[in-house]
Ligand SMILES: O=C(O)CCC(=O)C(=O)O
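This document starts with one chain, in the form predicted on its own, laid out as structure tokens.
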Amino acid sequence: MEPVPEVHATALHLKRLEFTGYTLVPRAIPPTHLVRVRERLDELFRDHANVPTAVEDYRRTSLPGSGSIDINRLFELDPVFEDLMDLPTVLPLVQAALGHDATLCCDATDNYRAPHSRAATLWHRDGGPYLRLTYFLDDIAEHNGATAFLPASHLSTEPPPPWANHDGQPRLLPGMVHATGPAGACLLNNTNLWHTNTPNDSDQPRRVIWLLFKPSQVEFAGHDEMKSTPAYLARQTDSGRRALMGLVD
């Protein structure tokens, strides 16, 4: 995907979100912050069996045996992840896309895809209206577990047909695109867009962090393990972050 020029970038990103359902911010995470995030995640993955919010082949996000690990509630695990909720390179775009009324649906989740692993999901749509942020912690190419989209499919009310998947794996659909980009980029997509994961055929793991935003008045029927705990919410004092978490002062 070609990066959007800096001039009038927000307007161009919004048009891409409107008509194709996704867009990419190529230098979303500052390099020094990216290093810290990756180092902390590597520590969590090395000891993920002892991380209470980590789940292997999580049945709600991954196919069995796909070598996928989710670590939920990242904000609670380490403050280094909290800055991802309001990065100035991304949050203004999120707010503009959601009518300047954006709140987080839940806490952040990291997703790890093992080297030489098959696709972890089938073609599907998530419903909404939500806006997902996917922060790339590694360079993402077509061969190492990229998300694939069918552009403009969010404009349809139909879900992917049964034949889009075969033998427990997604098919290559005509017109599909792979969302690729450098480490530090942020992919934004409408969650009604048809999408799937693709195999990681590389020798390296693929790591991303997911955040999910919604308009404040929209209810999110997510699962408890994805949501911030009351204890974490009670500790928040920053007015901007309290607003993003849906906390009304």
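We number the residues from 1 along the sequence you see. What you are looking at is a predicted structure, and each value in this text was computed from that prediction instead of being measured.
Although it is not shown, the form predicted in complex with the ligand is what the next lines describe.
For Asn197, a non-hydrogen atom is located within 4.5 Å of the ligand in the predicted bound form, even though that partner is not displayed.
Taking non-hydrogen atoms only, Trp210 approaches the ligand to within 4.5 angstroms in the predicted bound form. Taking the partner from the other structure, the ligand in the predicted bound form has no heavy atom within 4.5 Å of any heavy atom of Asp101. Using a 4.5 Å cutoff between non-hydrogen atoms, Glu142 does not count as a contact of the ligand in the predicted bound form. Only one of 89-97, 76-84, 168-176, 145-153 places residue heavy atoms within 4.5 angstroms of the ligand in the predicted bound form, namely 145-153. Interface residues of 161-186, taken as those with a heavy atom within 4.5 Å of the ligand in the predicted bound form (partner not displayed), are absent.
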